[in-house]
Each structure stands twice: as C-alpha cells, then as structure tokens.
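Before any questions on how it binds or moves, here is one chain, the form predicted alone, in structure tokens.
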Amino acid sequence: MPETETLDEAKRIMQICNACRYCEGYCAVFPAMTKRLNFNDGDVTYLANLCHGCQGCYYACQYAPPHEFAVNVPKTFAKLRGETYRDYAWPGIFKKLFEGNGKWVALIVVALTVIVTGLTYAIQGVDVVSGVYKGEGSFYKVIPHDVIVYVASAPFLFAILAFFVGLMKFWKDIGAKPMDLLHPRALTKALKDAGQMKYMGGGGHGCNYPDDNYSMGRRVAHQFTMWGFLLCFAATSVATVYHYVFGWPAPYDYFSVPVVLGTLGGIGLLIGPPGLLMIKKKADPEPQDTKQHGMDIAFLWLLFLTGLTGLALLALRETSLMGLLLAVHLGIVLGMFVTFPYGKMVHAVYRLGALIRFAHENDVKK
C-alpha cells in the first residue's frame, strides 16, 4: 500500500470534493467518489488509478492553490499512482527501479541493445551480419529463429506474470472480488472506455493540457501511441500464427497482414510518443508530479525507438544493413519487455483494473 502521508492527503481532498461536487461531470473519478461517504486506503488508491490526469478539475476548482484548502486532485493522484506502481511491483526486490526510473530504463535498454548487437557480430561474424538476403527465412540467417523467440518471449512472459501479480494485489486492496475482474459486461465496458480514451475528454471538451485551455491533443496522441503499440503486438501475433500454424517464415510480403499491421503500428509509434513528449514539455507543472517525468519520458522514447527501428528494418530488409537493424531492434524490444513491469507501462494495467471496477459499480450492479 502507498505511503500513509499521500493516502491521508488524498482522503482529505476527496472529503472536500465530495462536499462540493462541482466537477462531477468531468470524468469517472467524481461519480465513483460520490458513491462513498468515507474514504479508506483502498478507495483513494482506486480513485487515483481511475484518474486520467486531464487536469480539468484543477483549473475549475475554487479551492485549488493558493486557496488554503490547497485542493490539487491531479497532482495528489499522480503521486499516489506512482506509489501504487512501486508498492505493487513484483518481485519486491525490483521496487527500487521506480526510483530514478528514467535513468534505469535508459541504462537497461542501451546495455541490452549493445549486448545483443555485440553477440550477433561476435557469433555470426561481420560477413554474415552484413550480408544481403532475400526471401523467406532471411532474418534467421543472421539470428536464428529459436534464439529470437527465446530471447524475446522469456522477459515478455515474465512481464505478464509480474503484471498479473501486481494487478491482483491492487484488486484486493481496493476491496473488489476476484471474479469481478472477469465479469464480461464490466470488462467489455472498461475495454471500450480505454480504447476510446473516454476520460481524456475532460467532460467532452478535451483535457486542460498542457495549460488551462481545452485541447484534444493529448487524447489523440495517446490514441496513436496505444493503438500503435497494439497494432505492432497484433502483427507479431499474426506472424506467430503464420510461422507455427502455416509454416510460413518471415519476412512477409509488404501487403501481407503482419506487415500491414506492423507498418500502421510503427507509424502510430512515430506520431504518438513525440506528440506526448512535446505536450509534456509545455505542460504546467503545478497539477503534475514532476518527479515521474523521467519515467514518462523514458517510456515514450522507448516506444518511439521501437517503432523507428521496426520500420527501418522493414524498409531496409533486403540491404546490407538488415543484420545490424535486426540486432538493434531485437535489443530495444528486449529492453522494453524487461522494463515493462517496472516502468510507465504498468499504468495501463492498474488503470484498466480501475475502469473495470468503475464499470462494475455503475453498469453491473444496477
């Protein structure tokens, strides 16, 4: 559970907001808040992860600083979310990776990229890595298929396990029943709201981000980022089916399903993360927990580089640069998977969990 000081501040603010209710139509947080007369640790942890940081409530609040009540919901909840990420991390020995997270993510990704690239050249030799290959199985002449699969799948499966353990800790602490997490109607509603980025709309006008003016910029950039990542994942999944079910090894035709999905996903990752980085650079620091900026920035750069190297590999796969790009791309993807449970990616897990709880309270229990 997060630190008592942050929890106490979140409870204090929610008591004031629950008496005021001016922001009730802004997002899911305030309707969920009104269902409670008192707030325990689990309640505010749930509400903090339900918050999408649109900042509308901060600029609308008559009790925001410099008022003596000092109500700052976005900043307090951002800090509480950060403590959620740290305290629910599994295994617990890796909790400290959330301290100075941007530095750790950068070091791990660079180190793994250098190691994968160096080993590829050392084992295969310069002539093999810089060779020109065409047709099915050309990637595997540089790095064998089984090596790619084992190197990438091990940290990915570990990340899924770490996400699941953290989510179950969160789910228990917010007072939800285990089976509620898989309730079909609640899960469907939560996935729909997440896919549409519904609560980045600030009540319909957009986020007050990067300043007090309404804008849909953050919502659009988030959608490019999320759907870009999901399309890349879909491309990998389809390619896996192609390889193991139909016996069709990569690389695939430019108009094949995996390549089209991967291309669209890569383009999304070239647009979304830079957009979010530019918005964050201009953002008002008052409604934010600026201590988490390093984690945010490292994650966005990691997604951007994944998309960039993936598209470069696609464009240059029949040139002498293919081997180098394959090794670099694999190293970056490996770094992404290794750092997933201990970086900004965890926000998606807890936010989806909070959305499922919200859907269950509002749609299932009616």
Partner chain sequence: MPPTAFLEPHDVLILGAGNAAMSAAITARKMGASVLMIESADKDLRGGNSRHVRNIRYSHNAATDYVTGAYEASEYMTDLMRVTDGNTNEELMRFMIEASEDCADWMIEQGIKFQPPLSGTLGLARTNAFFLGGGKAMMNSYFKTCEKLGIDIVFEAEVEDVEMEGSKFVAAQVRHKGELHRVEARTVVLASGGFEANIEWLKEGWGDIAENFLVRGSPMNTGKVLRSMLNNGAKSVGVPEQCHAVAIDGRAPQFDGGISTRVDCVIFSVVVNKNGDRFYDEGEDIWPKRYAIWGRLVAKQPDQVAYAVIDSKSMGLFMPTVYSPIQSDTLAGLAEQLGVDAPTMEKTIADYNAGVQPGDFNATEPDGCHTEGVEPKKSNWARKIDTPPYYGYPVKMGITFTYLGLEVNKRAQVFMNDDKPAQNIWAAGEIMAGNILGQGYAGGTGMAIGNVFGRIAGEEAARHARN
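Residue numbers count along the first chain shown, from 1. This structure is a prediction, so every number in the text was calculated from the model and none was measured.
Same protein, other form: the form predicted together with its partner chain, not shown, and the subject of what follows.
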The listed residue (Pro273, Gly202, Gly262, Pro287) that reaches within 4.5 Å of its partner chain in the predicted bound form by any heavy atom is Gly202
Just checking whether Glu136 would be counted as a contact of its partner chain in the predicted bound form - the rule being heavy atoms within 4.5 angstroms.
no
Ala60: heavy atom within 4.5 Å of its partner chain in the predicted bound form?
yes
So in the predicted bound form, does any heavy atom of Glu24 sit within 4.5 Å of its partner chain?
yes
Is Tyr214 near its partner chain? Define near as a heavy atom within 4.5 Å, in the predicted bound form.
yes
Candidate stretches 311-319, 61-69, 331-339, 296-304 - the one whose heavy atoms come within 4.5 Å of its partner chain in the predicted bound form:
61-69
